[in-house]
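Shown here is one chain on its own, the form predicted alone, set out as structure tokens.
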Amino acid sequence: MPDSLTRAIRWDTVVGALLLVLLLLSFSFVDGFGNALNLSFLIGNTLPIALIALPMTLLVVAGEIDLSVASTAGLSGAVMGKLWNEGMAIETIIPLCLVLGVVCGLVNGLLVTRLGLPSLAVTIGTLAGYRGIAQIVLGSDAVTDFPTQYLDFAAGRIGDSFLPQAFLPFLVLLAVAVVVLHATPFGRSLFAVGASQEAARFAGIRVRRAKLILFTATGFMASLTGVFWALHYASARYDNATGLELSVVAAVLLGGIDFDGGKGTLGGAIAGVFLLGALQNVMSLMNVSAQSQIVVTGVLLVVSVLGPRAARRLAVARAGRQAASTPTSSLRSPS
């Protein structure tokens, strides 16, 4: 197993252990946490982060980032509300919103891959641009009268369990993303791209095409998240999902995905997503203010960048000590 993957798995284990500890402590000491309704809220509120985290993980592995995802989701919701107000069928609206997300992602991808612009700067710009278009489309209106069956699916539970109905489609998407990243040539090529674009090109990998696909997929998933958000919370507004990009990036990096690219696993990213979601849920139950929750998210974002780097340095230092302590005679060839 490659050393870089080994280190990523070790960090995954740390994040998974932290999630398990947090859940055990929350079930034991936080009033109302184990209630089926609260667990359903926890998963339902975390799903928007988890949905976008799937393509964002692949994008960061390839050495890029998309900060416009929340604005794309807001634009999707705004267009959904506008078209519904104008009498269009919801079965037509949703595919159109998804196509809109593809266009938004394609714009980001073309600016990065064809013009050579940095993705951080590009998507900060489109973050503002897409949100501005959303406000132009819907204004300050809030659309709430979507069809009951769609609202029930987005916010309802499976029978008497705590699992939201929307969790099952997410599991399907998660399985697809895991297979793509870890079991296909395309997914393996992303690690090479993130580690070194020049080396990837010399190896015959079509770097620009791969990145364009990733930006487009991220736009699609952000738009799907916007549709889900509007139905889950029964409200389409231009400011839906504001600030969601911070939670997505924090969760993905917390899961061990290296911001420089080339390292990480999707399992770690999803563990980071639900660790962040569970922590936010616990803070809400303990009446921690929204401002304090933002501070905690910011701290986790810093920790998520420093943590894996510190772990790698410790691993290198330990390997160095082991090499230094190896008897010289054991390194000599037999005479």
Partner chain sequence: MTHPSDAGPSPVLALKGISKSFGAVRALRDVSLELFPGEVHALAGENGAGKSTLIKTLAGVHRPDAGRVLLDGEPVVFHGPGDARDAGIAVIYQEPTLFPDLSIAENIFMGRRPKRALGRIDHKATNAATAALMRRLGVELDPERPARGLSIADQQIVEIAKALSFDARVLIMDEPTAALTGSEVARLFGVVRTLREQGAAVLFISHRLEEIFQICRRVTTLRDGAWIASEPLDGMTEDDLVRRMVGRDLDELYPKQDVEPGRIALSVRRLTREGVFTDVSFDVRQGEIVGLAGLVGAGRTEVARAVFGVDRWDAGEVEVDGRALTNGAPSTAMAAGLALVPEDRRAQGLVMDMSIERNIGLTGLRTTVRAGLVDRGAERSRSLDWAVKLRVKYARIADAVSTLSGGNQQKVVLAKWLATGPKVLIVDEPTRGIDVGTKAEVHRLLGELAADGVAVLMISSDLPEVLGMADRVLVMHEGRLTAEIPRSEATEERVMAAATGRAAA
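Residue numbers count along the first chain shown, from 1. Owing to the predicted nature of the structure, the values given are computational and were not obtained by experimental measurement.
Just so it is clear, the following notes concern the form predicted in complex with the partner chain, a form of the same protein that is not shown.
Asker: Contact between Gly159 and the partner chain in the predicted bound form at 4.5 Å, heavy atoms?
Answerer: Output for Gly159 is no: heavy atoms all beyond 4.5 Å of the partner chain.
Asker: Using the partner position in the predicted bound form, report whether Glu86 sits within 4.5 Å of the partner chain, counting heavy atoms only.
Answerer: Glu86 lies outside the contact set for the partner chain.
Asker: So, in the predicted bound form, is Thr92 in contact with the partner chain at a 4.5 angstroms heavy atom limit?
Answerer: Looking in the predicted bound form, residue contacts with the partner chain do not include Thr92, since no heavy atom lies within 4.5 Å.
Asker: Looking at the partner-bound form in the predicted bound form, is Gly116 within 4.5 Å of the partner chain by any heavy atom?
Answerer: No, Gly116 stays farther than 4.5 Å from the partner chain in the predicted bound form.
Asker: Go through 70-78, 127-135, 175-183, 248-256 and give me the stretch that gets within 4.5 Å of the partner chain in the predicted bound form, heavy atoms only.
Answerer: Contact-bearing stretch, as computed: 175-183.
Asker: Has each of Phe191, Ser196 and Gly204 got a heavy atom lying within 4.5 angstroms of the partner chain in the predicted bound form?
Answerer: Spot residues vs the partner chain: full contact, yes.
Asker: For 237-268: residues with a non-hydrogen atom within 4.5 angstroms of the partner chain in the predicted bound form?
Answerer: The stretch 237-268, when checked against the partner chain in the predicted bound form, contributes only Lys263 at the 4.5 Å heavy-atom cut-off.
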